[in-house]
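Here we start with a single chain on its own, the form predicted on its own, put down as structure tokens.
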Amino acid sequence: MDLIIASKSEVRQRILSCTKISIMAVSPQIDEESITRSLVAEKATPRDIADTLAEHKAKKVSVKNPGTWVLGCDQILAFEGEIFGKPKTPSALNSMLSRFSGQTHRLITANVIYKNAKPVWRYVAISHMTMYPMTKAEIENYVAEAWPDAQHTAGGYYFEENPHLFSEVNGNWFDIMGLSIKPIVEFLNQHTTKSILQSPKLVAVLGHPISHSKSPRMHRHWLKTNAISGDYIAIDIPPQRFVETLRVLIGAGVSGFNVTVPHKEKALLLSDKRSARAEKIGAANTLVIDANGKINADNTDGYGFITNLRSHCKHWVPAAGPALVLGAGGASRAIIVSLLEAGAPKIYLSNRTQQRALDVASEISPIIEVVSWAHKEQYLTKVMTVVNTTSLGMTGKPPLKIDISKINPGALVTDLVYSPIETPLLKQAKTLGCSVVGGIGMLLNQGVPGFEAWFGIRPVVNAEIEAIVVE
């Protein structure tokens, strides 16, 4: 046993586990409220209150576990001379957010390690958090939606899922989440004869919506199988807050990002350095943050798309005939460029907003012909490849309305949507004798270059990872 954490916090346990530290979690069962009231009455500083609470937790568990490192942690929120913990009711959360709105508060994260009932190390981190102003209606909506998670966090705003609530953050991600992992790892490395531990890197996929994303499951599997210290999470960012929230996350130490609908084109514009393929496509799906906080942008969608088709349909020949591409967003640009590079002689492009399709065609190639959304079915007899790059047909989205009854039965049909795994488009195409390829393979293959750029190891795409992602 490397470490006992005197906490049942799932977030803290996950942070420790992603460093490959062997841990056991034990609830310290101390009366935090009574201790806090006593310390406040003694006019203790917020820093000392957090530190004392962490120490009480570590000490109580250490007494019962001699010879083992025991980590105690505590986090409190300080604002306008008051201490705020976890909200007890939705009404209390509403009141807290009303006070924090548009203001800067401090999150104080204390970490104490005991061994043989004696303190051997302590560390306190202070993060400054500035919230955007929130209207009464916005606060009420947030409380109604977020209460199940918010009630378990100091201040009640659950930063992991809501960084867009903040205009500025001065603090490290893991400190904000309640555990100062880097100094903890440094201490353990100095006091253990086992293999050297590494501080975890954090990468996130950003989109709106994002709850359907399979990327965290995929990347966490690769992290585990390659014994890499790191984590990968999904964050939903509203389009109007994308730029500011990306800056907040970079400032908090996030090492890289995948970017999906609807942020891909904006992500490219924000980058400091761009790959040739991202530049050509006009959108980015992979961001790597360098040591100076600069954004390096790439687009691996085309690579993932072509690799997926070739691996699942050996007889597919892109040069055999035109392709019909539905949608003109960031993913569509990548697919069009990759199809042209693979030898497709012509692209028919259709989008609900036709001007957007015309813009894409004018920017990429003169052999792209824009066809109206209402008449897209007329081209199905002419093409050898059909690609849906829209989110239509995705779980929670409107259906993709298209009659493919007259499709060339020799065509390959593929859908970038992977939730559900087999979309209505693919089901219908299969009944008509077409070859079909789902979007999950593209997700897996496009993730390979990004994972290698962030973590330094090139992962393997195989049946095991596909089964894990689709389960």
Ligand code: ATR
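Sequential numbering from 1, following the sequence displayed. All of these numbers come straight from a predicted model, not from anything done at the bench.
Although not depicted, the form predicted together with the named molecule is the subject of the following passage.
Contact annotation for the candidate site: Ile4, Ser7 and Gly72 all lie away from the named molecule in the predicted bound form (no heavy atom within 4.5 Å).
Residues placing heavy atoms within 4.5 Å of the named molecule in the predicted bound form fall in a single listed stretch, namely 353-361, out of 308-316, 353-361, 276-284, 218-226. Think of it this way: in the predicted bound form, the named molecule has a heavy atom of just one of Leu206, Ile336, Ala328, Val112 within 4.5 Å, and the residue is Ala328. Interface residue among Thr385, Thr300, Thr390, Asn258, judged by heavy atoms within 4.5 Å of the named molecule in the predicted bound form: Thr390. Contact annotation for Trp373: at least one heavy atom lies within 4.5 Å of the named molecule in the predicted bound form.
Of all the residues from 94-133, none has a non-hydrogen atom no more than 4.5 Å from the named molecule in the predicted bound form.
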